[in-house]
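Heads up, the chain below is alone and in the form predicted alone; it's given as structure tokens.
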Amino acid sequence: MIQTENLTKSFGDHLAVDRLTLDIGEGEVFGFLGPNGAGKTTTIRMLTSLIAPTAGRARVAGYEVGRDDDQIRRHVGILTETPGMYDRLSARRNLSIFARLYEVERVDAQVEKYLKLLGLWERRDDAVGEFSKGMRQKLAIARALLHEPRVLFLDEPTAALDPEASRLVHDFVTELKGQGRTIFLCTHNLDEADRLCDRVAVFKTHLRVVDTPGKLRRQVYGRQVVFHLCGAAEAFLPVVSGLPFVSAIEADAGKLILTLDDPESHNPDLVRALVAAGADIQFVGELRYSLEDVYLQLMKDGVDA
């Protein structure tokens, strides 16, 4: 649904996006992660035909950037980080204007649908200039969805939203994915990306790495199992150090931390070996690293795709 090949954008001597190559499938929620100034918004602007690339190629929803720009704009929805609205007009009037620009059928019904879904129906006739930042963000999300786009670009969609509204947006994203729509999600909320995204890309001018959140965890940290023991764990280091399926070992007071490729297969062997050596095992658990841990480590290491 979204393909790029060596997509590049320069502003004078400043290289904002360097030879980005991606292939994002239909119905995929794709997270695009990186620090401020990494080129994420510039990438979105190129993919939505708002600015032209300096070099490279891209296709969105079957249309080529630079050749089919009108069709791309017609078939994508976009939520920018700072969405502009007509402050003196009501929420309903704002959406009606954009619905007509998108040639939406049954404008009034579609506007009502999304105002109700996003909890703004009771404020439909109030001027948008009176809205809080969170309410304006919800209205901008409604605007991006009015024409039922096949591809949706979301730049920080839950910024300034309270937990209830954020949950509503997350449910929207899940529902849209179930309808086969493709979602390109830029966010600094890494917990949000972890829960919503099929794959994530770590990006800073050029692509660092792209994979599922689970595979990135295993790539960076492996799978680490913690055996909580009664007494010092150091005494049992010789028991596990010679086992071929243990790739790393750490002892910390009463905890024995082992890195394994396949804990499900090898945990029973480890339990038997430790018990045979006299260990009193209180319980066993697996360390779970967050996507934020993975992201920070990848940025620190400077890993490239």
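For clarity, every value in this text was computed on a predicted model and none was experimentally measured. Counting begins at 1, following the sequence as shown.
What comes next is about the form predicted in complex with a small molecule, which is not displayed.
- Proximity of residue 22 to the small molecule in the predicted complex falls outside the 4.5 Å heavy atom cutoff.
- Contact annotation: residue 188 falls within 4.5 Å of the small molecule in the predicted complex, judged by heavy atom distances.
- In the predicted complex, no heavy atom of residue 56 sits within 4.5 Å of the small molecule.
- By the criterion of a heavy atom within 4.5 Å, residue 38 is counted among the residues contacting the small molecule in the predicted complex.
- Contact with the small molecule in the predicted complex, defined as a heavy atom within 4.5 Å, holds for exactly one of 259, 42, 48, 267, namely 42.
- Interface residue among 81, 126, 171, 87 relative to the small molecule in the predicted complex, by the heavy atom within 4.5 Å criterion: 81.
- Stretch 28 to 36 is the answer when you ask which of 61 to 69, 28 to 36, 238 to 246, 251 to 259 has residues with heavy atoms within 4.5 Å of the small molecule in the predicted complex.
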